[in-house]
Structure formats: structure tokens, C-alpha cells
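The data below hold one chain only, encoded as C-alpha cells and taken in the form predicted alone.
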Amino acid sequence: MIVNEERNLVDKVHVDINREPILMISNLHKRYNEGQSNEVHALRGLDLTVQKGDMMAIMGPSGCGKTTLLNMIGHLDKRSSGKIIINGIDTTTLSDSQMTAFRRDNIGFIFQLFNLFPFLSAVENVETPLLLKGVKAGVAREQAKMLLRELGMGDRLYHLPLEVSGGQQQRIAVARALINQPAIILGDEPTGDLDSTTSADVMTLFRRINTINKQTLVLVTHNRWIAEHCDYIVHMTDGIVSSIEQGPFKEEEPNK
């Protein structure tokens, strides 16, 4: 948990909470092996809008395009056609080098397998995005230490990933995703490798980050319990959004 540090976390990871779209997707298509006999049309004209400060789950059967959609939002893969606007920027207008910088500064990633560098300590993993951004080493180290302490990892700063629990590894991954103050955080089955108790702790952490900072999160999950901790649940079928429902948490907090 974040204990007695909520104000510091708000001050440190400030996010604009104006209620306006942070993500707008229009007529998004993704084809693999395009033009070949084994072409796969993974996304079929998908439309989706996410408001600033929302916590959204994406659900659907295997093969419906959930992870493909997340990869398109995060620009880990290139779209076949369509438009993606993030934080007011039409990403179709960016060159490859501009896109690399934009992704670094505006998008945070939290993966199921954490994707931490196994040979780096917790604080070294978290400071890496700042160093890549050109922040001075001493400043990056202090910011990483502060954020890890606020996420309950103050006594594990110099531990390697294999020296801490799965839930603690995920906290390190969350800190790394937050350190650049991204416009949006993407999670691909972020609790999929964790037991139920640890998953509950991680979802409490996500919910608190979202509620305190109005941080926008988009999480792909197969787990209905996880999805019900979100404001909205997007259901996908055959590469499109088939329906969107309001989550129970949203109903409990109409003024979030």
C-alpha cells in the first residue's frame, strides 16, 4: 500500500484532470501479412475514446484484438490505417524519431511479466527512463528513490527483481511507468502472473494512483474481477468494440 504518502504522490506525478479526451481512436485497422493468403485482419475499423482520468478495462475472447489494440495505442506496432490521437497529438503526423520521443514522454507500460532488467536494482530500473530522457544521474536517482518509497518499496531500493516478490516487482514496474509522468498508462494483463491476494494489492495500488492523481489507465484483462475495479469495461469482438459498460466502481464514485 501507499502509506501516509498520498499528498507527495499527487505533487510528484501531477496530471491534468480536465475532463476531455486523452485518447481518440478512429477507424483503426490492423492487418498482419497484408495481401498474402494468410492475411489476418486483427482490427476492423475500431473506434474508441478515453477521457482523461478514466480507468478502463478491455475484455474479450482470445483473438479478438485486445493486445493488438494496446500495441497500437502504445505504438509498439504500426497500424495499417486509421487515426490515433493521444493527449491532443495526431500520432500519424510524427516521424519515427518523433514517435520514439513521444512514446517515451507520454505513454507508460505495465506488462504481465514486468519486463524489468534482471541485472538492475529496483531504483536503477525506475531511473532508466529518466536517464534516457537526458535527466542528470543524481536527479534521476533521487526521483526514482522518492517514487519507490511512496509506493511502499523504500526498503527494497537496491534489491534485484529476483530478490523481491511478484507483487513487489509489479510495484517497481508501476514506478517505472509513472516516473516520466505519462499522459496514459497501458497494462497488458498486469496481474496475470500474480496470486489472488497479490493481484488485489496491485489493483488497490492502480485504483489509488487513478483516484489520487486522476491518472489514466487502460488495462487489458481476461479477469472480470479486475475489470470491475475500473470505471468502464470495453468489450471487443472480432476486432471492433462491441459494447461499453460502466463499472461498479464508477457507479460508487460519480464525482471522481
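Just so it is clear, the structure is predicted and the values come from calculations on it, not from any experiment. Numbering starts at 1 and runs along the sequence shown.
Here the subject shifts to the form predicted together with a small molecule, a form of this protein not shown in this document.
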>> Taking any heavy atom pair closer than or equal to 4.5 Å as contact, tell me whether residue 40 reaches the small molecule in the model of the complex.
In response: yes
>> My question is simply whether residue 190 lines the interface with the small molecule in the model of the complex - judged by any non-hydrogen atom within 4.5 Å.
In response: no
> Any of the heavy atoms of residue 67 lying within 4.5 Å of the small molecule in the model of the complex?
Replying inline: yes
>> Quick check on residue 45: any heavy atom within 4.5 Å of the small molecule in the model of the complex?
In response: no
>> Quick check for you: of 48 to 56, 29 to 37, 210 to 218, 196 to 204, which stretch puts a non-hydrogen atom within 4.5 Å of the small molecule in the model of the complex?
In response: 29 to 37
